[in-house]
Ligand code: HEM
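This document starts with one chain, in the form predicted alone, laid out as structure tokens.
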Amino acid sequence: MLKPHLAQSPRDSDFVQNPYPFYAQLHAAGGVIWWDDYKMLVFGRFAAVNAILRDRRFGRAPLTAITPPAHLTTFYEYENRSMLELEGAAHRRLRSLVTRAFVSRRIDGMRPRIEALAHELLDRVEAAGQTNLLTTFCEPIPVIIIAELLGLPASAAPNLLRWSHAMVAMYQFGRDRAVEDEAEAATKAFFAYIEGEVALRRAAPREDLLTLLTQPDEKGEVLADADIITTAVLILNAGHEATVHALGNGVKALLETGARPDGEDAVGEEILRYDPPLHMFTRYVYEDMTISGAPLRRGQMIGLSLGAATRDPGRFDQPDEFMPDRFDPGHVSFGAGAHFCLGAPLARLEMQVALPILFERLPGLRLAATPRCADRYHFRGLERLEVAWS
């Protein structure tokens, strides 16, 4: 069955600021559309998105190898080795190694450090009465915490942020050569930095994740340096980018609605559902089939709209309302299935700890300017978050 065509540029300013009316059109059209701008089928109903993410007949790895352009050799070396892009045994091996660092006991043990860091950051701005909270609070917490988990110093955070931003810009719609050149340069610099850190760990192991990645697994196998470097870069990129936006989008939602965090799980889960930091995943189809009335062919790429799925009226009551006491962790903002976000427990803890401290320390916190989202769909995050307090 042919599906409705909808056209909507992801670079359109109105869409960037508020994509949810378009998602409502997607739902009204039956939940599956041909998105003209992406030139692919996109699924937006919660049930379909959730099912496809869990179905092994879909995956991140293309069936035919993609030859990268010469000016992106290093970036695609990262892509081809990245746990996010692998399937099967190769994916399971890398994931099992990294999972050891994200067990609940280890993550919950980071609570005191997150608390201390949140207070430290607020100490720097409290007397000023105003700040761009995105750069002074929302960005430093995730990047410093994930860097320290790997065993990297907090002083590396500015470079890590710059390299990460340049690399993830490759996933935005309508990238140009300038974006590609910046991503390639950032990947080379990132690789060189991590390569040096790996050499230090081999010479003198420490109690950190980077050292753990250099150690043999339960079968006695050792990762090649290229796999260690790629995995460390992925952890740094994926481990903070989404959380930065979740914190920023969350503060925006709380200030616009008058809701407040209480240190429990419900508010954080509603933030992730209401305005998630990632809005589009893609998958390759591994065998012919029909899903939600849409015929799919082997090798085809499809889109999964996480942003639409979390606002599906068939799954969530009053989906366009921010309801801080709606405890529903069953959203797909962290993905699902084999590629479910390993860093989800850490992201949840950072939100649960940092947001109450922010509102306790800065009474009268309010928006000092209308927040605007950055032009980088499929990530949904703010350009700035100007706030003031009394």
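Owing to the predicted nature of the structure, the values given are computational and were not obtained by experimental measurement. The numbering used is simple: start at 1 and walk along the sequence shown.
Absent from the display: the form predicted in complex with protoporphyrin IX containing FE (HEM). The rest refers to it.
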Taking heavy atoms and a 4.5 Å cut-off, does residue 324 contact protoporphyrin IX containing FE (HEM) in the predicted bound form? no
Quick check on residue 243: any heavy atom within 4.5 Å of protoporphyrin IX containing FE (HEM) in the predicted bound form? yes
Give a yes/no on whether residue 83 approaches protoporphyrin IX containing FE (HEM) to within 4.5 Å in the predicted bound form, heavy atoms considered. yes
Proximity of residue 35 to protoporphyrin IX containing FE (HEM) in the predicted bound form, heavy atoms at 4.5 Å: no
Which of 359-367, 66-74, 326-334, 27-35 lines the interface with protoporphyrin IX containing FE (HEM) in the predicted bound form (heavy atom within 4.5 Å): 326-334
Please identify the residue among 41, 349, 342, 48 with any heavy atom within 4.5 Å of protoporphyrin IX containing FE (HEM) in the predicted bound form. 342
Among 308, 267, 183, 146, which has at least one heavy atom within 4.5 Å of protoporphyrin IX containing FE (HEM) in the predicted bound form? 146
Each of 151, 188 and 226 within 4.5 Å of protoporphyrin IX containing FE (HEM) in the predicted bound form, by any heavy atom, yes or no? no
Within 215-242, the residues having any heavy atom within 4.5 Å of protoporphyrin IX containing FE (HEM) in the predicted bound form are 234, 235, 238, 239, 242
